[in-house]
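The data below hold one chain only, encoded as structure tokens and taken in the form predicted alone.
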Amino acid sequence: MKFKSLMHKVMAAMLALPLIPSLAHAFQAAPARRADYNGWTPHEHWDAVWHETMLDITVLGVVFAIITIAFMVMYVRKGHGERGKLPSLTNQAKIGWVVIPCMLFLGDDLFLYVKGFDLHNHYREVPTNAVEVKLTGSMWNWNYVDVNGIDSDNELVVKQGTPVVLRMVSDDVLHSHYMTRYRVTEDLMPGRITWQWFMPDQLGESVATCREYCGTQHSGMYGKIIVKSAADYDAYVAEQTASVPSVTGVAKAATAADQI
């Protein structure tokens, strides 16, 4: 009995071995501290996790296909009326054929889970130097107000390399602000402030759409995220605020900050 008990413990430890390297590798790959994220943006992180997941699914699919084809060839019926016979397996073999594949799959699942959890944390840790923008969603419009007091509909202009956090609220129904390039989406709700952040690392335009069905013109609810260089952004701010008295601009920014 003692020998059997010892063997069971040894088998359990061996079955757990595939989990150890998977978890260790995943945690080692995750940065322990990300003040500036070392230039690794959340959307690049998302792409890395997506590619890892697709690679794992592809490998597993190919392995299953090969095994299935091999079994079809090995155990094809040789003649009419032939009936197969079950192999004789010991209890240990039966347990092994069930538990070992399950543990291998679980090891891969835990590996991807840790990767996904680290990605979630990356999206929820806002850099300290992020600039805040107030976003109000309504049927069917995105309204942005930045710290300079610039109020615009369906168009947000930001500076390249400076993280942006959106403080969001809805005037009417549920909306979902989805920025395609930055792989991030978050719901807007009446009476509740939600938020999302992104890193505008590339110059140019990208699309912001609504991913929550919000009415008959839902498909037309989209805007533009425009990323400018530091010099172009400063010129844009100067142009937008030139015709507005400085007191008004400060008041708008203060009001937006209070409401955020």
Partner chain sequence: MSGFMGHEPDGKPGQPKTVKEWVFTLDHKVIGVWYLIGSIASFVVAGLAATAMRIELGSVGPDITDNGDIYNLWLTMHGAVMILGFQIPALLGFVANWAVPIMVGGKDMAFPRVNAMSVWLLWSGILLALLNLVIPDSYNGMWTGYPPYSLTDAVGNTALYSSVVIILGMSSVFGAVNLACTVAFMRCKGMGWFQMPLTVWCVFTANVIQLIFVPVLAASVLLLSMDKYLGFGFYNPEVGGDVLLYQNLFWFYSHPAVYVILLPFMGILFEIFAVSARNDVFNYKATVWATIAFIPVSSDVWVHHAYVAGLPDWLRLLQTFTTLLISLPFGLLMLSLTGTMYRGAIRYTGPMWWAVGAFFMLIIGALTGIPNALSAIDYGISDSYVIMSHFHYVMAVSGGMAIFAGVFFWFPKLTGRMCNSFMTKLTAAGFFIGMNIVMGPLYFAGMEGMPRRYMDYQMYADNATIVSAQHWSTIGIYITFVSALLMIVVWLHGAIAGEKATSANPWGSQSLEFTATAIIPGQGNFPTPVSVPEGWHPYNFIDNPKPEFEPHPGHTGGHH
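Take the two forms, find the largest set of C-alpha atoms that superpose within 1.5 Å, and that set is the rigid core. Numbering follows the first chain given and starts at 1. Given the structure is predicted, the values throughout are model-derived calculations rather than measurements.
The following text describes the form predicted together with its partner chain, which does not appear among the structures shown.
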property: T53, heavy atom within 4.5 angstroms of its partner chain in the predicted complex; result: yes
property: Any non-hydrogen atom of T180 within 4.5 angstroms of its partner chain in the predicted complex; result: yes
property: Residue contact check: V184 to its partner chain in the predicted complex, 4.5 Å heavy atom; result: yes
property: Exercise: V131 in contact with its partner chain in the predicted complex, heavy atom 4.5 Å; result: no
property: Residues within 4.5 Å of its partner chain in the predicted complex, restricted to 199 to 222 and counted by heavy atom; result: V207, T209, C210, R211, E212, Y213, C214, G215, T216, H218, S219, G220, M221, Y222
property: Yes/no, I69 Cα shift of 2 Å or more between this form and the one not shown with rigid core fixed; result: yes
